[in-house]
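Encoded as structure tokens, the following chain is the form predicted on its own, with no partner shown.
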């Protein structure tokens, strides 16, 4: 039986609602999913209710960003207690930091558009970006929401063009995010009763060399089944997980149709339900 432990909804930068994600998973025959929105667990309750109706187990999750020299480190938190007050407060502070960053991204992008095309250039609206991110409902704003607004006002024709011309690294909309060390992110997840898992590890420079320090901080798992990882990459990651006594997890990193994130399809790659069983055992170990 298949599962997908890495999905994003409109509670962060996905394009499908939590309910729609559950419906899609059910139609594909998945027995369990994890909702892992960025800095937000705002969609977990709705997904859980939909899962009960559709017969899909919903694992409460989140994806948090940590800062390391030379790159970003994304850490998934699984089986977190979404009602844990300190955890909720920490996430709220992170979302506030994202709002400050989002306002600055919009300001810089609009200035760049005016510089290129004059006073009549299309302009992004922060109010509409905020609605796209569902900030009023506890959502978390990011560059994809700005990209969608740029498409809507006619500044670009697609998310891809927005990132290639305005929002990518080193461009007008590349505003640094607040710096949080991996040790703090892992501690926050563990304090909320969750299991911390390194997401898409090959995206992190020298991930193998960094693993011992992350494990020492309490890392509990490694996302070995991901996106379009080739079989030899998966095999190497599984072996590395064994060396460090890390649970193996996997998921699509789906953000929505045609977004290009992760594998681009719910339930791809194939992740067996035994992965969730192993994650639950690790969670029971604390």
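Since the model is a prediction, treat every value here as computed from it, not as a measurement. Numbering follows the first chain given and starts at 1. We call the rigid core the largest set of C-alpha positions that still match within 1.5 Å between the two forms.
FYI, the form predicted in complex with a small molecule isn't displayed, but the following is about it.
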### Query
Should residue 48 be classed as touching the small molecule in the predicted bound form when contacts are defined as heavy atoms within 4.5 Å?
no
### Task
Answer for residue 142 alone: is it within 4.5 Å of the small molecule in the predicted bound form, judged on heavy atom distances?
yes
### Task
Verify the contact flag for residue 101: yes if a non-hydrogen atom of it lies within 4.5 Å of a non-hydrogen atom of the small molecule in the predicted bound form, no if not.
yes
#### Entry: Contact flag, residue 126 vs the small molecule in the predicted bound form, heavy atom cut 4.5 Å
no
### Query
247, 261, 32, 66: which sits within 4.5 Å of the small molecule in the predicted bound form by any heavy atom?
261
### Summary
Checked 96, 213, 160, 81 for heavy atoms within 4.5 Å of the small molecule in the predicted bound form; positive is 160
### Task
Within 4.5 Å of the small molecule in the predicted bound form, counting heavy atoms only, one of 190 to 198, 143 to 151, 87 to 95, 115 to 123 shows up; tell me which.
143 to 151
### Message
Relative to the superposed rigid core, does residue 164 relocate between this form and the one not shown - that is, does its Cα move 2 Å or more?
### Response
yes
